[in-house]
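This document opens with one chain alone, in C-alpha cells, the form predicted on its own.
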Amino acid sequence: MIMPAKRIIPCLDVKEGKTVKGIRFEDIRDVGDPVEMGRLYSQAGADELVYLDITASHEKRKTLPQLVRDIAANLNIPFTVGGGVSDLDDARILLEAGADKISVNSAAVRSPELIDKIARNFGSQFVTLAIDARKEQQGWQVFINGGRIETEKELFAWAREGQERGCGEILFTSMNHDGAKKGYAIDALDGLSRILSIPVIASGGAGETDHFAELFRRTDVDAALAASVFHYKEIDITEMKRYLSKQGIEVRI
C-alpha cells in the first residue's frame, strides 16, 4: 500500500494585516507581509500554507476577504484560512475569495453544529477543525480566543466529536510547546492519530529538523506545521525534505 507523502506546512499568524509570531501565544511580534511570505514559501517547497487571523475571534471581527484574494493570486499551492469564521456565510465568502480550506476553532467550540453546516454545504474536505489545547493536571484542556479562554472541552473527546460532525482534518496546537522549539507534543499527537481516521496536523514546538523526523517516526500524523523556524530561516524546507527522505520518510521533493 502506498502511503501518502507527509506534508510540511508553514503557518502564518496574521494580526492587523501583518504576519506575527509569539511564544506560547504571547509576546507577539511582526515578522513580515503575509502575501509576500506566502509567495516565497510556495516557491521554497512548502506543500500547503495555513493563515490564521489570531485576534479575529477575540476582537469579534471577520478575516478580511481582500487579503485572501491577494494570497490566492500569488500562490500555486493549497492554503487554509481561519480566524473569525462563525457562520456559513463567513466560510462561503472566504472560499469564494480563493481559500482552499476553512479552519474553524472558537466558534465551533461555542456552536459545534457549525462544523456540520460547513461540511454539509461545502464538503468535509473544506473544513479543518483547529484545536488549541494545554496540558493541565486533569489532562489536555481546550482553549479558545487565541488561547485566552479555557473551556470545559477535553482534547481527545473534542477531536473525535469534530470528526463525527464532518470535519476533514484536525489541526492540533499544543500551547505548552508553541514557540518553545523543544519538539512536538508526541504523546498527544500519537493519541490523536490513533483514535481518528481523518488526517492530523501537528503544530507547536518545532525547533530543528530532527523534531520533524521524530514526529513522523513516532506518530501517524499526516502533516507538520511550523512557523518561526521557517519565518526566521532557521530551517530550509527543501533541505529538510531531503533529510527526511534520507530517513525513509515519504515527502514531496
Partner chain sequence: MKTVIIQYNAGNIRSVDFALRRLGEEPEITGDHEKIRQADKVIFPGVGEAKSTMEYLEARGLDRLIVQLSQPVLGICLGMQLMCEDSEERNASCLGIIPVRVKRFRGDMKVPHMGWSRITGLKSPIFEGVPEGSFVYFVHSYFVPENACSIAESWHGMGFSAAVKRENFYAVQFHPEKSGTTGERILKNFLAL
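A quick note: this is a predicted structure, and the numbers were derived from the prediction, not measured. Residue numbers count along the first chain shown, from 1.
This next part talks about the form predicted together with its partner chain, which is not shown.
Enquirer: Are all three residues R69, A73 and G168 in contact with its partner chain in the model of the complex, where contact means a non-hydrogen atom within 4.5 Å?
Expert: Yes.
Enquirer: Is there a non-hydrogen atom of T151 within 4.5 angstroms of a non-hydrogen atom of its partner chain in the model of the complex?
Expert: The answer is no: T151 has no heavy atom within 4.5 Å of its partner chain.
Enquirer: Does at least one non-hydrogen atom of T209 fall within 4.5 angstroms of its partner chain in the model of the complex?
Expert: Contact check for T209: no, nothing within 4.5 Å of its partner chain in the model of the complex.
Enquirer: Heavy atoms within 4.5 Å of its partner chain in the model of the complex: does K101 have any?
Expert: Judged by the heavy-atom cut-off of 4.5 Å, K101 is in contact with its partner chain in the model of the complex.
Enquirer: Is there a heavy atom of S228 lying 4.5 Å or less from a heavy atom of its partner chain in the model of the complex?
Expert: Judged by the heavy-atom cut-off of 4.5 Å, S228 is well away from its partner chain in the model of the complex.
Enquirer: Which listed residue (D33, E214, D220, D187) meets the criterion of a heavy atom within 4.5 Å of its partner chain in the model of the complex?
Expert: So the residue touching its partner chain in the model of the complex, by this definition, is D220.
Enquirer: Just to be sure I understand the contacts: of E161, E96, D116, D87, which is the one whose heavy atoms reach within 4.5 angstroms of its partner chain in the model of the complex?
Expert: So the residue touching its partner chain in the model of the complex, by this definition, is E96.
Enquirer: Could you tell me which of 108-116, 76-84, 134-142, 172-180 sits within 4.5 Å of its partner chain in the model of the complex, going by non-hydrogen atoms?
Expert: Stretch with heavy atoms near the partner: 76-84.
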